[in-house]
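Presented below, as structure tokens, is a lone chain in the form predicted alone.
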């Protein structure tokens, strides 16, 4: 059994000042009304280019991100490495609209992959299609609308950027995770990612497809792609997450009068997630798996599934992963027990990373009990340090 209550391990690389700042941050995000109003204000301020850098850089940005550049991430990379944690260095800019921005995002991802050749602390590369493609075009393609020749050319450039990234990852010997999106553009993303897995996962697990298990259809999809891979002769790789767009998905479904694609409640989502983990572990001979969750029960069940099947903690096809600034008690305790663990380390200009930061605040507010658990553990560690008169 893994214990996730050991705060000495969980916060070993945090100073007392950093823990106090984290406590303050989680107190704020525990208030749904405050987060909702704050998200709206931050979005507006970002659109009108109101100067926010001074306010965010040392607070929410520092907690959830490694820096604005790869160079600024070095300190965090070293901290992760000291604790046996691999970094998923993530250029987290979103919402760009120009070809220039998309090419820049591709180049930054390629730079991350190139850095991995000389920095073994980087365990995975990662990207989102909305970082290298126009949202509206993915949406139009996903609904089978006829694209103009100009749009077809633009779509081919999207596929070329993704292919460039995957080819570079293969050549550098580093896997690349492709993050999931909203349902109304995910079909377009799925089509491209499936082709990339078939192309690049012949000899090793290069391309990881992210599945949001709060979707009703994703357990079936997981099994379908696994069978497709068997027939076509490639090795599928999946990162399993619960999902990041629950409120948006349900609001859109209600507004547009179609059935919600999301499971009706948390129990159903938890069940689908845990079933998917078990399915992947039962087929680990061909599948590579990243268990991407902040849920302690799911991590504990995954550990138990591994033990049932006689899979060693450091199995080369099994990783656990959490986001920077969240669930350190899971990440660090798993790493201490010799499980393969990675931590998402987002970086990028504050203005472009704003959508990511807002989503993190909203996620902490919407997941019942998670923020309270984070707060409890931070306070527990602060009390321990006070009792033991630990300074710094």
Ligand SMILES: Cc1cc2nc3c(=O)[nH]c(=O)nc-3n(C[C@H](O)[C@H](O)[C@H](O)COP(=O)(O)OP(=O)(O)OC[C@H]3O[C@@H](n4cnc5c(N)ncnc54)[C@H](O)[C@@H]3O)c2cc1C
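Positions refer to the first chain, counted from 1. These figures come from a predicted structure and were not determined experimentally.
Keep in mind that the form predicted in complex with the named molecule is not shown, yet the notes after this line are about it.
- Of the candidate stretches 74-82, 294-302, 155-163, 114-122, only 294-302 contains residues with a heavy atom within 4.5 Å of the named molecule in the model of the complex.
- Residue contact with the named molecule in the model of the complex: residue 198 places no heavy atom within 4.5 Å of it.
- Taking non-hydrogen atoms only, residue 179 approaches the named molecule to within 4.5 angstroms in the model of the complex.
- The shortest heavy atom separation between residue 265 and the named molecule in the model of the complex is within 4.5 Å.
- The shortest heavy atom separation between residue 141 and the named molecule in the model of the complex exceeds 4.5 Å.
- The candidate spot formed by 16, 20 and 62 is out of contact with the named molecule in the model of the complex: none of the three has a heavy atom within 4.5 Å.
- Checking 242, 108, 205, 86 against the named molecule in the model of the complex, a heavy atom within 4.5 Å turns up for just one residue: 242.
- Site annotation in the model of the complex: the residue of 347, 26, 332, 344 reaching within 4.5 Å of the named molecule with a heavy atom is 344.
- Taking the named molecule as it sits in the model of the complex, the stretch 322-360 comes within 4.5 angstroms of it through a non-hydrogen atom at 322, 323, 344, 360.
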